[in-house]
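Heads up, the chain below is alone and in the form predicted on its own; it's given as structure tokens.
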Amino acid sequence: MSLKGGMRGMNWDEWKEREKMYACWLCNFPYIGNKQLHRLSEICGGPEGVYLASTEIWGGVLSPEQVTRLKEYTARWPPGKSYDRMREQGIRIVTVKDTEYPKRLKDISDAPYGLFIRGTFPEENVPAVAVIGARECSEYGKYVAKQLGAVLGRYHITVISGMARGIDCISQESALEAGGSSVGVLGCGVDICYPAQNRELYNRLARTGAVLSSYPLGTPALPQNFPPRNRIVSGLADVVVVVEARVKSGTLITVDMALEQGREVYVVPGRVTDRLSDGCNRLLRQGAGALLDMEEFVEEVWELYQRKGGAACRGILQGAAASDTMTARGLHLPSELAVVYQALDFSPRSAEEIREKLPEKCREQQIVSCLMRLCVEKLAIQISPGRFCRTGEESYE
């Protein structure tokens, strides 16, 4: 890729690719902080501007030692060849100015300037839940993580985690097995699988989800890398769930970060005699939400997501059986949606009032989820919090 010519003779896509090349050069420089990356890019008008800037301009943001290191680094780093090598590994880079940069992460304080990504980031118009917990988890913790990951995957809620041993990888594997999506956030370069024993999960995420990191390629998994990594994990999620954690646990650092970012925190309660649940039980005492039922939790996540301005619950019941359907202008409703629709009229009613109008055999199903899906299909409308009625826009046979 030529380094000459600027915007002249290039279309928008070519210019954006050129900017990514220089972003790769800038973000692979290891001796620079995130705030400095933001500031340099802002002053110079983007990564290419930083590359072409004088050492005097660099010195307005960097220390003399950093300027010297950046000058030496630039002299031996060919942006075009290095960028091509990265792309050949299936790795791409996005910066905070790119439209494909995760929206949730962009909204946090001091968002990472650049992300190296292997795979395809899942669609963002669905909720995302970070599942975190102990590496050396109990059999109970393993069971809960597996069940939770599977439920989230089934309802197309993206699972965010750190791909670590224990709770992290179990929840991510289960989500993928259930047909869902997941994102692994690493505390090392995205070209490194850490821990090595999770190579199969790493490869699968790269194929069907995404693995990402804010660290330069080749960065080893150092202890100091993980608190910033955890900040990205919570930043990518709407809700953080702690499955198991001791009182003195790195997991609780992630919880603090999540609360600073305005994320909801849920915990899985444990026995008072179980040290692996001490951290969770303490969080409960401090006001965290209790995850007591998987299906109810899914409803709460969707409702929270919608209240925060997200899309309505599109796809929440995609895994439901489609038999015994009802037809409307060529559309088909699963039987559980059809029976809830039949119970609606043009007077706003609460979910419990609607439940009472259902046949006895149908009263155990997730009414709120069905109502949200009917709202998506524009067959129902939420008049006020918790009260629904028909829209009158559709005529069913």
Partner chain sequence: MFSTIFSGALLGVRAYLVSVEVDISRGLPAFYMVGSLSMEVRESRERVTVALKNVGLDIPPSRVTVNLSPADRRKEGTAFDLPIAVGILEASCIIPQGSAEGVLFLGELGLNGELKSARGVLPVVQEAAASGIKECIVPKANEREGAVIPGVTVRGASHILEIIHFLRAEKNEREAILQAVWVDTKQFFESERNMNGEKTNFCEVTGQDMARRAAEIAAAGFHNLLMVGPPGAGKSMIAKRIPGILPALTLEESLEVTSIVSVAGLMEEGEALVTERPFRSPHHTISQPALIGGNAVPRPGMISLAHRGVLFLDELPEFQRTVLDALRQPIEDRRVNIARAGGNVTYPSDFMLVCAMNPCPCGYYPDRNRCHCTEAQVRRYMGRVSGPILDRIDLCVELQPVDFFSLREKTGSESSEEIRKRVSKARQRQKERFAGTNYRFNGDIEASVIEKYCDLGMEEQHCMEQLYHSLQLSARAYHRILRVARTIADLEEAEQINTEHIMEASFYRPSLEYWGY
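Remember, it's a predicted structure, so these values are computed and weren't measured experimentally. Numbering follows the first chain given and starts at 1. Definition used throughout: the rigid core is the maximal C-alpha set that superposes within 1.5 Å between two forms.
There is also a form predicted together with the partner chain; it is not shown, and the following applies to it.
Enquirer: Pick from 52 to 60, 349 to 357, 39 to 47, 66 to 74: which stretch has a heavy atom within 4.5 Å of the partner chain in the predicted bound form?
Expert: Result of the contact check: 349 to 357.
Enquirer: Under a 4.5 angstroms heavy atom criterion, identify the one residue in Gln89, Ser109, Gln224, Thr273 near the partner chain in the predicted bound form.
Expert: It is Thr273.
Enquirer: Exactly one of Cys137, Met257, Val239, Cys193 has a non-hydrogen atom within 4.5 Å of the partner chain in the predicted bound form; which residue is it?
Expert: Exactly one residue meets the criterion: Cys137.
Enquirer: Within 4.5 Å of the partner chain in the predicted bound form, do Arg246, Ser384 and Arg387 each have at least one heavy atom?
Expert: Affirmative, all three are within 4.5 Å.
Enquirer: Taking the partner chain as it sits in the predicted bound form, is Ser369 near enough to touch it, meaning that at least one heavy atom pair lies within 4.5 angstroms?
Expert: Residue-level check for Ser369: yes, a contact with the partner chain.
Enquirer: Taking the partner chain as it sits in the predicted bound form, is Arg165 near enough to touch it, meaning that at least one heavy atom pair lies within 4.5 angstroms?
Expert: Taking the distances in the predicted bound form, the answer for Arg165 is yes, it comes within 4.5 Å of the partner chain.
Enquirer: Would you give me the residues of 86 to 120 that have any heavy atom within 4.5 Å of the partner chain in the predicted bound form, in order from first to last?
Expert: The stretch does not touch the partner at all.
Enquirer: With both forms fitted on the core, give yes or no for whether the Cα of Glu65 moves by 2 angstroms or more between this form and the one not shown.
Expert: Stays below the 2 Å threshold, so no.
Enquirer: Determine whether the C-alpha of Glu42 shifts by 2 Å or more between this form and the one not shown once the rigid core is superposed.
Expert: The answer is no; the displacement is under 2 Å.
Enquirer: Spell out whether the Cα of Glu352 moves at least 2 Å between this form and the one not shown when the two forms are superposed on their rigid core.
Expert: Yes, Glu352 moves 2 Å or more.
Enquirer: Since the CA distance of Asn125 and Ile354 differs by 3 Å or more in the predicted bound form, is it closer or farther than in the form displayed?
Expert: Farther: Asn125 and Ile354 separate by 3 Å or more in the predicted bound form.
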